[in-house]
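Shown below, as structure tokens, is a lone chain in the form predicted alone; questions about how it binds or moves come after it.
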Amino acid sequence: MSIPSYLDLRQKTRARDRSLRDKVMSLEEAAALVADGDSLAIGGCTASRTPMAMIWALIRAGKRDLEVSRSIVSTEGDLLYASGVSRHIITSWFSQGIVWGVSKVMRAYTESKRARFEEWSHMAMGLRYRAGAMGVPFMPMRSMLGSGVLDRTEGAKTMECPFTGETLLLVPALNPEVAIIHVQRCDAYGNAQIDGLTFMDIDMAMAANKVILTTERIVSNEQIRRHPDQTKIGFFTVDAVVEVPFGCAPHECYGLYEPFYTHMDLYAQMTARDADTGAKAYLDRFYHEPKNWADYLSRIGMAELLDAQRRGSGIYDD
């Protein structure tokens, strides 16, 4: 494991165009910013605010050998394995969800040694992104010292605390080449506002060399400025903005729509008997065959979209 020095990170940051400029582009144009072999961080958590439209575009673009990291991985990890986009996923938990149990696709790929699942504790994932955001090579913690999870990691080291003499664990920084994050709204410059939990996305955006935002809607800079306290990711970290309504489908986007449970049941059924055959059939039907994102949504079905939207927007009184 190679950890970049602060000077290397600083040089990369200085080389970026961090100006206030229009960054709006298509999914296909944003996908072109990701190169084969890149390290890719995915925002959100489990089935919440997953940038599924961007993942859909990367799979359709035929990207290969991406080293993927995320706080908790759900069905998107299955699809990244099955499509060949990634053979190495770094996360704290890998499952479709509590309702459906441990991912059968993940088990099929990791148990046959076709892919690698590198497991860290949830706190370790957060601190690794935090270290990357701060520009320091590691963060100290106590978590995992009494756990077998430590044996499954790569790069963690113990040290004697110079102040107390206690043993601490040092977890290495995560500085992904690209981060893909979905938000409820942002302006054309990349000033993004997030409703609900931010998960690890703020640190992730600061740690990454490039950030691609997908958003439910692009709003004016004036609207962003009316509520500056809600702006969680600043324009200076962002390289691309893509407007994609229902960009998390079939996962949820807080305040707008909840998970598409019927569709997620369908995916679980398709992969239950034979993980390889089921995942391939799902990819063909929902990723490779649709003409565009709208066609993808139409295959999920208008009834499901409206039901998810009704349940998701029900948290508001007005």
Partner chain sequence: MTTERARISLSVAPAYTGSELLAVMSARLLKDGQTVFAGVGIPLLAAILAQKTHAPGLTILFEGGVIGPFVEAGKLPPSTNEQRCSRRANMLVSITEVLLLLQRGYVDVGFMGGAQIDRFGNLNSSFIGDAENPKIRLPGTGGGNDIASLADMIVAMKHEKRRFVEKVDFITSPGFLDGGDTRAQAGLPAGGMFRVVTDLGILGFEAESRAMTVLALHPGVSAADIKANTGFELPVPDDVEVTPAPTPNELAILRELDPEQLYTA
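Numbering follows the first chain given and starts at 1. Small disclaimer: the values here were computed from a predicted structure and weren't measured.
Below, we turn to the form predicted together with its partner chain, even though it does not appear here.
A heavy atom within 4.5 Å of its partner chain in the predicted complex is found for exactly one of Ile233, Cys186, Ala82, Val242: Ile233.
Interface residue among His88, His122, Arg114, Arg217 relative to its partner chain in the predicted complex, by the heavy atom within 4.5 Å criterion: His122.
Its partner chain is not drawn, but in the predicted complex it has a heavy atom within 4.5 Å of Asn191. Taking the partner from elsewhere, Gly278 is found to have every heavy atom lying beyond 4.5 Å of its partner chain in the predicted complex.
Contact annotation for Gly255: at least one heavy atom lies within 4.5 Å of its partner chain in the predicted complex. The closest heavy atom approach of Thr75 to its partner chain in the predicted complex falls outside 4.5 Å. Heavy atoms of no residue among Pro51, Val178 and Leu305 are located within 4.5 Å of its partner chain in the predicted complex.
Contact residues in stretch 41 to 55 (any heavy atom within 4.5 Å of its partner chain, taken in the predicted complex) are Cys45, Thr46, Ala47, Ser48.
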